[in-house]
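Presented below, as structure tokens, is a lone chain in the form predicted on its own.
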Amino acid sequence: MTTRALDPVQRRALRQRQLRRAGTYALATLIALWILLPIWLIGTMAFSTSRDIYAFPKQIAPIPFSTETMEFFLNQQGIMSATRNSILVALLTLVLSTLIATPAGYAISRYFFIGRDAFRLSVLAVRAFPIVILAVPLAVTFIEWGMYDRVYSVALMHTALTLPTTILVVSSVFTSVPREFEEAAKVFGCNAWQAFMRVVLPLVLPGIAASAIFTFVMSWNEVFAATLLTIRNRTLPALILYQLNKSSLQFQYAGGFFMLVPSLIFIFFIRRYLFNMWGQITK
């Protein structure tokens, strides 16, 4: 009697669980479509002919496939030099942020000191300020010091923007490594530096690498500070933004796709390490 009475309850609970799961999948599918459809449209237009770009309705696939639009974009004056500037700025930002964030993240995760929580909060609070608060004073300072319109000046600005996030991510990666690992290494004769280099660093290296690539992508996509700090030596996002209102659809679609490519490539290669960025060490 009791089992029969519970059967409808169990069936109802199972049905509700299935509905919740279906709702979760449906929501995830909608979010994925919301993100992927614009990317697909931009990619389709970037490899279509100029006639197809202005046609309506838009085609859902680049048929016939053509590199005419991309060639038009790449042959525009200043595009290749701006691309080199963007790569150089992103690499400098990656190196500077990683070199500074690694010891800072290790200190935050391993040592207890007065004001530690306040320091972590202040690092995070920097990201709450608008970019203009940092960019405008730095632009004035760079002009006075003769550093305006330089690639390394933009890299310094991007380092200031990305460093708070990098420090917090790297500190969470270090926190995921048990302190007992270092203590065990010291028991077997390692000093503090050897324990760090031989035990901790190999474990956190994938997470630091993922964080560094994330920093590269943030620098590559940043546009406001790069626009404010450069005139002749513009990065690619700054150049595209400057020419956007007076450019053709071919330039806009091809430029949008060209800007997306590095982010998509890097995310594809570091997808297995994304969890490491938040302090989960994977094998």
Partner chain sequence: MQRLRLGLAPYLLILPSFIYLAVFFAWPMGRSLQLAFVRDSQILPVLSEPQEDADVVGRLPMQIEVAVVDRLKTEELLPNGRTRPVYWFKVVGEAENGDTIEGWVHQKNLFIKSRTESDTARVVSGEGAKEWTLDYIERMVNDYRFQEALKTTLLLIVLILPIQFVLAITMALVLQSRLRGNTLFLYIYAIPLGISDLAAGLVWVTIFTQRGYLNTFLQQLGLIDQPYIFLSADRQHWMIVAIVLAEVWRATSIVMVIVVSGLQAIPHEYLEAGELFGANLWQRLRHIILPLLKPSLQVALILRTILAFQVFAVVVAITGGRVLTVLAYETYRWYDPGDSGFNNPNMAAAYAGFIMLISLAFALVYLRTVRTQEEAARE
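Numbering follows the first chain given and starts at 1. Throughout, rigid core stands for the largest set of C-alpha atoms superposing within 1.5 Å between the two forms. Only a predicted model underlies this, so the values are computations on that prediction, with no experimental measurement involved.
The form predicted together with the partner chain is left out here; the points below concern that form.
For the options 95, 107, 201, 87, the residue carrying a heavy atom within 4.5 angstroms of the partner chain in the model of the complex is 107. A residue is said to contact a partner when one of its heavy atoms sits within 4.5 Å of a partner heavy atom; residue 136 meets this definition for the partner chain in the model of the complex. Though the partner is left out of this view, residue 55 does reach within 4.5 Å of the partner chain in the model of the complex, counting heavy atoms only. Though the partner is left out of this view, residue 144 does reach within 4.5 Å of the partner chain in the model of the complex, counting heavy atoms only. Remark: residue 148 counts among the residues lining the partner chain in the model of the complex, judged by a heavy atom distance of 4.5 Å or less. Heavy atoms within 4.5 Å of the partner chain in the model of the complex are found in exactly one of 169-177, 205-213, 74-82, 128-136, that being 128-136. Contacts with the partner chain in the model of the complex, taken as any heavy atom within 4.5 Å, map within 37-67 to 38, 39, 41, 42, 44, 45, 54, 55, 56, 57, 58, 59, 60. Once the cores line up, the CA of residue 192 ends up less than 2 angstroms apart between this form and the one not shown. Relative to the superposed rigid core, residue 80 undergoes a CA displacement smaller than 2 Å between this form and the one not shown.
Core-superposed comparison between this form and the one not shown: the Cα of residue 133 travels 2 Å or more.
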